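Have a look below at one chain only, the form predicted alone, in structure tokens format.
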């Protein structure tokens, strides 16, 4: 009788996740229920102080700003990634375009962020171009605001949206679009009622791959942001290194983890429900516009 070696195969991965994910997360969870020491750090005394401090208007404002920037950047990123992924999937030079999409990963993340200072700074390329062409007579402030953070966030996570969308669109049967056109559908109707429901999984993955890292972003708002673009990642770093309020930083991190996990699970469940309910409708008798046929 042969033994099932499955548990043995997954043991290294389980050990890795336990040591470098579950254990650190458990430590953060414990720290969030402790008290701040006189000189910072934690005192092993149970307290809800870290969580009650979250109701401070400052934290609520930062949380709202973080959500708006993350949500806006995710929507813009996916809207830009959809036509790009569609073009790559239909192109005869897929490998070339995928190579160009992956190239930014060859450069250090911080170098790419600082490169935007050379582009958007007061003495950067964009301001120099506007001054040289006479479009403006003074330097424009492109940096250190939420729009700069939004722009660079979209730029940073755009490849993370293009790749899963391309992977899904490439497997799509494009003859269905032609069938929808033959049944009287317009180009937009065939896209939104046939293509989009069929690649909903890729859209979900693209949104998650952009929203989650953007929601916990630290380096981009720290380097390119201003007072109007302070995000939760910056608050956590400040509480850890400046005020040394580890319980508060841990409680913010735990709230981020719980909210993100809940949002991911909810989003996936809603996506599965919508896929089950809408997929049959796209192929009902009479084609895309069944009521009109």
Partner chain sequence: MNSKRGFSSVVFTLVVLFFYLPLVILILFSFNHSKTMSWGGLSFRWYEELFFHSRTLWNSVFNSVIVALSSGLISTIVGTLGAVGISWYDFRGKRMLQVAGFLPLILPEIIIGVSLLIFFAGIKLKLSLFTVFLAHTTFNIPFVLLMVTARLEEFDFSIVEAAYDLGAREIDALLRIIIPLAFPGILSGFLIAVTLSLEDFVITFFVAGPGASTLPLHVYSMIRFGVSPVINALSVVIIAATAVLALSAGNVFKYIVRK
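These figures come from a predicted structure and were not determined experimentally. Residue numbers count along the first chain shown, from 1. In this text, the rigid core denotes the largest set of C-alpha atoms whose superposition between the two forms falls within 1.5 Å.
Omitted here: the form predicted together with the partner chain. The next part is about that form.
Put simply, of 183, 176, 117, 130 only one has a heavy atom within 4.5 Å of the partner chain in the predicted complex, and it is 117. Taking 154, 194, 148, 163 one by one, only a single residue has any non-hydrogen atom within 4.5 Å of the partner chain in the predicted complex, and it is 154. The candidate site formed by 46, 201 and 230 is entirely out of contact with the partner chain in the predicted complex, as no residue has a non-hydrogen atom within 4.5 angstroms of it.
By the criterion of a heavy atom within 4.5 Å, residue 64 is excluded from the residues contacting the partner chain in the predicted complex.
The closest heavy atom approach of residue 141 to the partner chain in the predicted complex falls outside 4.5 Å. When contacts are judged by a 4.5 Å heavy atom cut-off, residue 240 counts as touching the partner chain in the predicted complex. Under a 4.5 angstroms non-hydrogen atom cutoff, the partner chain in the predicted complex has residue 264 among its neighbouring residues. Applying a 4.5 Å heavy atom cutoff to the partner chain in the predicted complex picks out 9, 10, 12, 13, 14, 16, 17, 19, 20, 21, 22, 23, 24, 25 from 8-25, in order along the sequence. In the core-superposed comparison between this form and the one not shown, the C-alpha atom of residue 263 has shifted by at least 2 angstroms.
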